[in-house]
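To begin, one chain is listed below as structure tokens, in the form predicted alone.
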């Protein structure tokens, strides 16, 4: 496969780690990145080390004001971003020598998209239709290429499916839910299901330790909070950093989730593995320790062709980090998306439809 030129929308924790991990993957060149305040574009390849060093602990993030105005859901500046650790003169990419300030970061990437093979959306989807609307903007600009996201919520898949005709007409291959869960673990469940003629239940239980990465992953933590009892995406979006810190203190740094609205369910259903209602996702997030609070496991229970009930289990090693399990698969699915796009396969695909490329 020829070299793949890709862009990253959003340079919080997921976006930064994507850029970092891409340096260890053959055939990938990061040529563009943006956040709500700025954009960096170099078609010969970004200086990823400089960009990461300049933005370390200096993330342009905060409660969203207007998701149409910026790359990761708002218009916060260095002065208005609430409680975010910052070291540069301005927040985010503009602290890099490669960065340029802009009020239209997504549009700036779209303007250069003819020279970009794939776009990875590392954006907290703090409005249900935010990522689908971003995809629509690329399609309306006649982008021909691959789009990858690591979104989590089930209802967003339907919003992407509603736009599939538009994406196909443009020549876009959109791979949705292509991180860890949904993503890597969704694909593992699809493989584990092959032993059975009928799948009765899929249980995904994840563990993440995030102490060293908490500053860079506040958007992801905010999105996870929306899955707690008594919270939803609207209330999580409006929470201040102080309110989030108070919630974390209340739980001694450990948040436990049950029956999450996670896109694994609809992605496994659309792949014909099982009904969405038979998929259950939960997990434990510890923002005060880098050690995983529990082992990440996928269990698939089903009936074999000879009438036996069995369970296949896939388990991740506890030493693999969240970054490794999210960003490695995301880039693997990006490679698979490019392969399919170049073969003329357009539309919306899930992680159970494709095998990621190494």
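The shown structure was predicted, so the numbers you read here are calculated from the model rather than taken from an experiment. Positions refer to the first chain, counted from 1.
Unshown form predicted together with a further copy of the same chain; subsequent notes refer to it.
Student: Would residue 187 show up as a contact with a further copy of the same chain in the predicted bound form if we use heavy atoms at 4.5 Å?
Tutor: Yes, residue 187 is a contact residue.
Student: Against a further copy of the same chain in the predicted bound form, would residue 289 count as a contact residue? Criterion: heavy atoms within 4.5 Å.
Tutor: No - in the predicted bound form, heavy atoms of residue 289 and a further copy of the same chain never come within 4.5 Å of each other.
Student: Heavy atoms within 4.5 Å of a further copy of the same chain in the predicted bound form: does residue 45 have any?
Tutor: Result no; residue 45 lies far from a further copy of the same chain in the predicted bound form.
Student: Check whether residue 104 has any heavy atom within 4.5 Å of a heavy atom of a further copy of the same chain in the predicted bound form, and answer yes or no.
Tutor: No, residue 104 sits far enough from a further copy of the same chain in the predicted bound form that none of its heavy atoms falls within 4.5 Å.
Student: Given a 4.5 Å distance limit between heavy atoms, list every residue of 282-307 close to a further copy of the same chain in the predicted bound form, or none if there are none.
Tutor: Result: 304, 305, 306.
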